[in-house]
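The chain that follows stands alone, in the form predicted on its own, written as structure tokens.
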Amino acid sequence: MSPETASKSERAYAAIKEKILGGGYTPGYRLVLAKLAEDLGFSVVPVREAVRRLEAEGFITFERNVGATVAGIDPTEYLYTMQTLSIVEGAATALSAPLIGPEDIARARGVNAAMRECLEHFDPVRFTALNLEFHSVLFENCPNPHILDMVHRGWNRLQALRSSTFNYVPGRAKESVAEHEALLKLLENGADADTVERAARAHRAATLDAYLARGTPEQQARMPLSPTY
């Protein structure tokens, strides 16, 4: 692949991924290479490379007699990802707690304020981005690189699943903001690591429970119950 084609492939990749994450291309949407190339102003070659890369990352699937389509959200995969993330992010937040200073608290509270403002004209994509920014302040100081790597993997997996729970249960967003403030107060007051970890895990579990609760009885019957923290 020539450098020029590689550059166009990167741009095509970024443009298509943005459409998927932003909801412009919804699950099941058929991606016609010729049409994508025309819309982006590229030849088919870099677009095909971009689509292959997105397929490898789980954003796109290929179906016989259909072609490339935007992948749907697998409820079971989402369940397992959230269960795992509740454990490792809870641990990372607890380990970070002694290293979180007043400036970190102020930064996180500012992000939470932006999330609260976002509730007025709700944008689930922006809210989800702010949510990651908030939690990053709480877990990025984790001194255990292996746990921190697992947290990053969990968040990356959620992005690949395009699983903003707030798309499906927007009412959960207001509760999440309130729980964020409760977490910050625990950190400000020097709560012990066990208390911080349990609160962080309960916060993540509550988001998962909200997602599970919205499913049909048939869907719920096929999925294991989420843990209670």
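The numbering used is simple: start at 1 and walk along the sequence shown. Keep in mind that what you see is a predicted model, and the values were worked out from it rather than measured.
Missing here is the form predicted in complex with the DNA; even so, the following discussion is about that form.
Item to check | Among 187-195, 200-208, 35-43, 174-182, the region lying within 4.5 Å of the DNA in the predicted bound form by heavy atom distance | outcome: Result of the contact check: 35-43.
Next on the checklist: Even though the partner isn't displayed, in the predicted bound form is residue 31 close enough to the DNA, meaning a heavy atom within 4.5 Å?
Outcome noted: Taking the distances in the predicted bound form, the answer for residue 31 is yes, it comes within 4.5 Å of the DNA.
Next on the checklist: Even though the partner isn't displayed, in the predicted bound form is residue 48 close enough to the DNA, meaning a heavy atom within 4.5 Å?
Outcome noted: Yes, residue 48 sits close enough to the DNA in the predicted bound form that at least one of its heavy atoms falls within 4.5 Å.
Next on the checklist: Within 4.5 Å, heavy atoms only: does residue 66 come near the DNA in the predicted bound form?
Outcome noted: Yes, residue 66 sits close enough to the DNA in the predicted bound form that at least one of its heavy atoms falls within 4.5 Å.
Item to check | Closer or farther: C-alpha pair residue 55/residue 86 in the predicted bound form, relative to this form, given a change of 3 Å or more | outcome: Closer is correct, given that in the predicted bound form the C-alpha spacing of residue 55 to residue 86 is reduced by at least 3 Å.
Item to check | residue 55 and residue 84, C-alpha gap in the predicted bound form relative to this structure (3 Å or more) | outcome: Compared with the shown chain, residue 84-residue 55 is closer in the predicted bound form.
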